[in-house]
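Consider the single chain below, provided in C-alpha cells and representing the form predicted alone.
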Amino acid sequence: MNVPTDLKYADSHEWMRAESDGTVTIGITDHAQEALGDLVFIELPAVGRVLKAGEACAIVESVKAASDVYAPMSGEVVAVNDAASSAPESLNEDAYAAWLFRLRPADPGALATMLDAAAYEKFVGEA
C-alpha cells in the first residue's frame, strides 16, 4: 500500500494535498482503489457546490461495487478532474496523481486536523 508522507488523510479513505492558492486537492487513497478493484465510472461534484465535512459528494464505481467519496472538510468545490472522470482506470494506475476535486476550505485550519501518513497506515492496519 502506497501512503505518501506529504499528504493528509481522512478515515473515509480520501487523501488531501494543500495547494499554494489555499485550495485543497482531494482524491481516494491507494488503499481505497485497491479495495474497490477496477474502476469503471466516476461521478464528481459540481463546481460551485458547497460541501459539509463528511457529506457524500462523489461516487466511484468498480466492477464489484459503487462507493461514495466524502468531503473530508467543509468548503466550496472550485475544480474537478474531468480527465479522471473520463478515464476512471487512471485511479487504479496512480491514485495520488488522479485527483478528483479541489475544495476551497471553509476553515483553512481544517487540513491540520486530518491524519498524517503514519496515523492513516495505523488506521488501515487496524480496520
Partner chain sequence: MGRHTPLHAAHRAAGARMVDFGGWDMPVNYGSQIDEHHAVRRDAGMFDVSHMRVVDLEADAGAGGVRDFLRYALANNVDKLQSPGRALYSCLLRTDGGVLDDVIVYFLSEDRFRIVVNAGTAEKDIAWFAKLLAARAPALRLQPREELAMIAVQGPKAREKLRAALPGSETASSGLKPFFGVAVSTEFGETFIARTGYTGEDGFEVMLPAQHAQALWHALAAAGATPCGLGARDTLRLEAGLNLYGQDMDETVSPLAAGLAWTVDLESPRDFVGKAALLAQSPSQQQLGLVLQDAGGVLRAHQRVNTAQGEGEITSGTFSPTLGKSIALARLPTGVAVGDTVSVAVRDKALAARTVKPPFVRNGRVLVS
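Residue numbers count along the first chain shown, from 1. Note that the structure is a prediction, hence the values are computed from the model and not measured.
Not pictured, yet referred to below: the form predicted together with the partner chain.
Novice: Of Ala53, Val78, Ile59, Ala87, which residue is found within 4.5 angstroms of the partner chain in the predicted complex when only non-hydrogen atoms are counted?
Specialist: After the contact test, the surviving option is Ile59.
Novice: Just one of Ala46, Ala83, Val63, Ala97 has a heavy atom within 4.5 angstroms of the partner chain in the predicted complex, so which one?
Specialist: Spelling it out, the residue with a heavy atom inside the cut-off is Val63.
Novice: Do Glu93 and the partner chain share at least one heavy atom pair within 4.5 Å in the predicted complex?
Specialist: Contact with the partner chain, no.
Novice: Does any residue in 26-40 get within 4.5 Å of the partner chain in the predicted complex, counting heavy atoms only, and if so which ones?
Specialist: In sequence order, Glu34, Ala35, Asp38, Val40 come within 4.5 Å of the partner.
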